[in-house]
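The chain that follows stands alone, in the form predicted on its own, written as structure tokens.
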């Protein structure tokens, strides 16, 4: 019997709620944001991911955001140790994590406090709180719990205590290892989710473990569901529309990894770094099955050098990192630019500078990706805006890298890396793959860097090709790859490498405007801010405001037609997750204000007065915050 069949056989009857004398109110909602929060290691993230997967299979829109502590093993019952998942459930397609939380289930009051203090919960949020701490043997813990409970009630939250520990101990000796599945059962009851789908999800989640583990977790799920049915007086239903085509529910890092497989790339060289590591973890599990290799180097520099060597030998290689690792790779990336070796670099951005905020989201690396290398080192920069984009961006990156013999940087971020969203299962196409490399004898007299005068392109040579022998160098060189310091030769090489960006730009389509083609305000974004921006724009447009948005996926080079779009709007501004000075600050004026990254680029490129608003709190940018910013901008004129 396989795992799914085992889960189906565990309970064939419909569970009947225990009589409690309470009338249960069923409320139909368009959407809800729910959190599961615990100490690290108690499984709240797995609970939230499973909830999202179950809802997605029913046909709900879903976006999940992981809540990850900065420390690897933070102290138990600490505000900073909060670990879990925030899940937005919707009746339609969901493109971002939404606004403040409507309902939270917390395994202790301390992990909850951090969420309250950072303004993550709505004023009337329903809080389901583990009650075991009220009876703890340590009077200090009891005092903390009671004080926090009473404070939350006084603040207007609806706090309901749940005896999760007590109920789980009826089924398992270690409730800490089963409480998350009990919580999943409670949430399935609250949101009217299919319990059979939940059983099947558990079988998939624990598929590599013994059948007894699956059985135990399913019983905990059912116990949580039964407890909620009998003891809670409310229930929600979010209408679902089953998908008409197969869907997958994955996070951005897994989508990147799957995109690497789908693109036909065969080598990934990396060094572990948060929040990028899970992409290489996934590849480590599956890459060998399709002939790929994951190489974990001794450090970030070694990983980049290995990737360059593999690409020089005829492969197209990817190296995966985050901000600090990208900085360490910069010199080697310059070698790939100078040697015109195709290379894909994934930078899953996080808060910085230095060690910064390893588990928090930020968009601070755009200018570094574009201009960070010493000297003139043109690179293509792609920024996926959705989980689905993460998949397809890798196919695009590989094609560009090999067509133009260039470095392509893919800028994801922590918000995309750990968020889950359903999207149509990709249907493999042969067009995603590069044709087999032509290793036949090269024409007599062909030079390794025989740059086309219009495009800057030159044929790619690989070691072993007849008539292709040459010495690769990172020094300035001529078309034969001979080191050359002649002014004209150096100028010719820089011109050729720059022309590649211009040649690529000629192939790009102008991105579509979301909304009308002209109006009072145009909002521009890039990367993971897309969902929040477009939701906010849609909201203010519904009130009659002439607001539209534009979103960039390929940022270097920018496509043609952008200036014409900007000129059709009275005002233009960017919304970004990197720093810009607030013009309301006392010391800030037009002579010293720092603009956010994309705003700075657009102002310089198109000589248009582009304003900006940004936020770098390490959190996702919310639609209601963007909405407030847009309405305030409209009121200023």
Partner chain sequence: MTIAATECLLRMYDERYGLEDYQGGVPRWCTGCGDNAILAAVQRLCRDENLRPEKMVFVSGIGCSSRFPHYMKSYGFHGIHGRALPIAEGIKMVRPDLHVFVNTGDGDCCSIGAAHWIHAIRYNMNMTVMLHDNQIYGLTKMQASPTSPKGLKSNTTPRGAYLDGLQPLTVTLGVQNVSFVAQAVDWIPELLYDILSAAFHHKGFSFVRILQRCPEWLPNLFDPWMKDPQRLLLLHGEGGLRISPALSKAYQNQQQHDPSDLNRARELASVIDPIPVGILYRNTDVPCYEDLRRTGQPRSHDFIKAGLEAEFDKFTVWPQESGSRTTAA
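Residue numbers count along the first chain shown, from 1. Just so you know, these numbers come straight off a predicted model, no measurement behind them.
The protein also exists as the form predicted together with its partner chain; that form is not presented, and the subsequent description refers to it.
Student: Within 4.5 Å of its partner chain in the predicted complex - does that hold for a heavy atom of every one of 171, 600 and 618?
Tutor: Negative, none of the three is within 4.5 Å.
Student: Examine residue 351 and determine whether its closest non-hydrogen atom to its partner chain in the predicted complex is within 4.5 angstroms.
Tutor: No, no contact at 4.5 Å.
Student: Would residue 254 count as a contact of its partner chain in the predicted complex, using a 4.5 angstroms cut-off between non-hydrogen atoms?
Tutor: Yes - in the predicted complex, heavy atoms of residue 254 and its partner chain come within 4.5 Å of each other.
Student: Would you please decide whether residue 310 lies within 4.5 angstroms of its partner chain in the predicted complex, comparing each non-hydrogen atom pair?
Tutor: Judged by the heavy-atom cut-off of 4.5 Å, residue 310 is in contact with its partner chain in the predicted complex.
Student: Can residue 140 be called a contact residue for its partner chain in the predicted complex at 4.5 Å between heavy atoms?
Tutor: Contact check for residue 140: no, nothing within 4.5 Å of its partner chain in the predicted complex.
Student: Specify the contacting stretch among 521-529, 141-149, 175-183, 240-248, defined as having any heavy atom within 4.5 Å of its partner chain in the predicted complex.
Tutor: Of the options, only 240-248 has residues within 4.5 Å of the partner.
Student: Give me the residue from 288, 100, 564, 233 that has a heavy atom within 4.5 Å of its partner chain in the predicted complex.
Tutor: It is 288.
Student: Of 513, 503, 297, 126, which one comes within 4.5 Å of its partner chain in the predicted complex, counting heavy atoms only?
Tutor: Residue within 4.5 Å of the partner: 297.
Student: Which residues within 329-363 place at least one heavy atom within 4.5 Å of its partner chain in the predicted complex?
Tutor: Heavy-atom contacts within 4.5 Å come from 331, 332, 335, 341.
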